[in-house]
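Before any questions on binding or motion, here is one chain by itself as structure tokens, the form predicted on its own.
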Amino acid sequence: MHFKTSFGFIILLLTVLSCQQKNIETQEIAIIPQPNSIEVSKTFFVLNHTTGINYDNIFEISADFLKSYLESGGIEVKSGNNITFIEDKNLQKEAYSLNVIEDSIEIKASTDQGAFYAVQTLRQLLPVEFENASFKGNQVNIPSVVIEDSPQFAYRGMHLDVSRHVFSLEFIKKYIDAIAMLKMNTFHWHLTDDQGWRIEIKKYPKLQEIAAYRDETLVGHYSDQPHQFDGKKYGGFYSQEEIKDIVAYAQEHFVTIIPEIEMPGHSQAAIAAYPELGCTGEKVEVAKKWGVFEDIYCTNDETFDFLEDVLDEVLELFPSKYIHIGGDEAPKTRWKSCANCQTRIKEEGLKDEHELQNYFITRIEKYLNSKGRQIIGWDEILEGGLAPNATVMSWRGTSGAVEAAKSGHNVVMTPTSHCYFDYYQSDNEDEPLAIGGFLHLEKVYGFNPIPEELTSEEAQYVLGAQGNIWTEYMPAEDQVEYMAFPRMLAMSEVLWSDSEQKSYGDFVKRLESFHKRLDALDINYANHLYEIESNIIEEDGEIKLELNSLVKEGKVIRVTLNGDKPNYESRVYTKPIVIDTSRTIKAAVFKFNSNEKLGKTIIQNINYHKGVGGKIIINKQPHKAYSGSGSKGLINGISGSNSRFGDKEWLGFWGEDIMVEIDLGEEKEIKSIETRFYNGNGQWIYAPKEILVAFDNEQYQSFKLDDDGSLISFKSHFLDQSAKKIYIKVQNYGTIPEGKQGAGHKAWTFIDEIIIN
């Protein structure tokens, strides 16, 4: 009997069989990323010491990987026809089919790369103990399956910033291992920035001597004032021999490494080594804090000679089609006052400094094109016109991708809203320090790399997407892993699996099983599967708190309403809790009929103020990337996180003034109104300078706001004030000033709960 599933999660009893079949284990099917189709039978292929592998040279890498993997698990394989690699030229480059029956395993592919992905799938049909050579049996039952599989996107990547913090060669290889295991094919290696130059360039030894090291490093968060430093010299770089070793290792795993050499901005480390590369010629230091800096490459010929020399050595090390040249966050302050740059503008007939940036990027592109390579850059390379053959990596939302695709340029999607894995991933206040934001697993999984504004023809220019790991706040390798996993797994499924067959609930079930594999691989991951999500809902004319957990099978939610910690004696949550007063609710997931608590206790503070249950209208829609729980979330009795401005309670608006109208339903006495704004300037977020408040048809009152700190609170008291409707005008900060991150762009406004007492 066969059955078919599009979700790829079939639990086959993980057990030791009868006495006659002792030491033969079966393995559950919980494959990530989910295959396009899978048929499962009730029979098994028995893997043991009699198993042999047969393959032609075209499958040498994939077959050798499988052989080494099996032998590391204690199963010595021989030459034979039990496992056969078969060339099928009808399959696409990265596609494969895997057919496991009682007496054989067939892997079909048109390339070694396709076969390699088949091996990664077969790997997940084996016990996790194979990952760390702890398997003690001598035989394994592999379930009979027929899998037909191919990726949805050609570009499936992960990024890693080693400029802010350096990581060992062993860790880089481990990172590549994970990329390959998840059928991703690109490693974007961010090698240079203001805080450090990490690649050996033999023609310019000061890059290793000076640019690779900073005198000290910022302690705490960039938003903390005043800034504190650790007083310790920090740095390092990868030699060309080490890079060759990494590139060869990646090639053995069908991972292409795209190096990033930042220009014209994020270049202060290089200018510290060679001051003549800057506009002033003055000595600067390698940056010791994060952010955007005004010292960027000058546009004189000496700078281009330097960059061409650097790129010549980079091209010798990296065979990739693309070279990433950055292009982002380049303040034009120095260019505006630089005689060389102003002369360049006049001689080239350029309109302004933005067109000068286009000149810069286009000149570098022409040089790389002459060497048979192409450039890829962040979406700022659109400024002043897009270089002719450039590919755009869209990070500031999707508008850059839409513009580029509509112009016939290839695009890689990596918007902050879904792809920045340096953002917080949980509401827990004890999460490791991060840059800010909030990007939970489900949001990553729900990412659609094709912007809705594109036609089907334009959508073909979207090559794929990648997850980004910026490491300002990740000094340790285990912290990088914690931020990457399991979000990397979700991204792999976004890019590989058929979107019409995807199910987040099913993914979570497979992820719970996959955690065992991550444990065996000694990968530190964030386990938020047993956390509880809370939502305020309106039901039967009442305001209620609804609780949900991701993993439900064999688990219950226990809850207390008086602020005590939940335990086995606490009530079991069965239906939404009526909210008619302020209270602290705590809840946690427990194993069914057990006192074993899974995950952390959530604490939900309900502030039952006069606005809760009212009606609210905002004249502008919040940005779709930061829409929280909608406008109703501003009067639901729950305040947002103190550090995660992207959670479901904060609403984000980009460059817009907003008008909030709150209808209390009846006239009520108003003693005070309060709210707060996020002021994370490093993330382009600015609190308004003032807000205006009016009641019913009265005139607006103006209130100035302080701008000190990352959270700006507003609270005003009123005497003898009653109203049915409250109007609040929030004026956007405006354009971000020169010298700040995002200079020249519109500021974001983030607003939290509006509390009415």
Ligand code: TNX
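Residue numbers here begin at 1 and follow the sequence given. In this text the structure is predicted, and so the values were computed from the model without any measurement.
What comes next is about the form predicted in complex with the named molecule, which does not appear here.
Participant: Evaluate residue 94 for contact with the named molecule in the model of the complex, applying a 4.5 angstroms cut-off between non-hydrogen atoms, and reply yes or no.
Facilitator: No, residue 94 sits far enough from the named molecule in the model of the complex that none of its heavy atoms falls within 4.5 Å.
Participant: At the 4.5 Å heavy atom threshold, is residue 656 in contact with the named molecule in the model of the complex?
Facilitator: No.
Participant: Is the gap between residue 506 and the named molecule in the model of the complex 4.5 Å or less for some heavy atom pair?
Facilitator: Output for residue 506 is no: heavy atoms all beyond 4.5 Å of the named molecule.
Participant: Can any non-hydrogen atom of residue 116 be found within 4.5 angstroms of the named molecule in the model of the complex?
Facilitator: Contact check for residue 116: no, nothing within 4.5 Å of the named molecule in the model of the complex.
Participant: Can you work out which of 493, 427, 295, 422 has a heavy atom no more than 4.5 Å from the named molecule in the model of the complex?
Facilitator: Contact with the named molecule in the model of the complex is made by 422 alone.
Participant: Among the candidate residues 677, 175, 318, 470, which is the single one with a non-hydrogen atom no more than 4.5 Å from the named molecule in the model of the complex?
Facilitator: Here the answer is residue option 470.
Participant: Tell me, please, which stretch of 327-335, 250-258, 149-157, 539-547 lies within 4.5 angstroms of the named molecule in the model of the complex when heavy atoms are compared?
Facilitator: That would be 327-335.
Participant: Which residues in 265-287 have a heavy atom within 4.5 Å of the named molecule in the model of the complex?
Facilitator: Heavy-atom contacts within 4.5 Å come from 266 alone.
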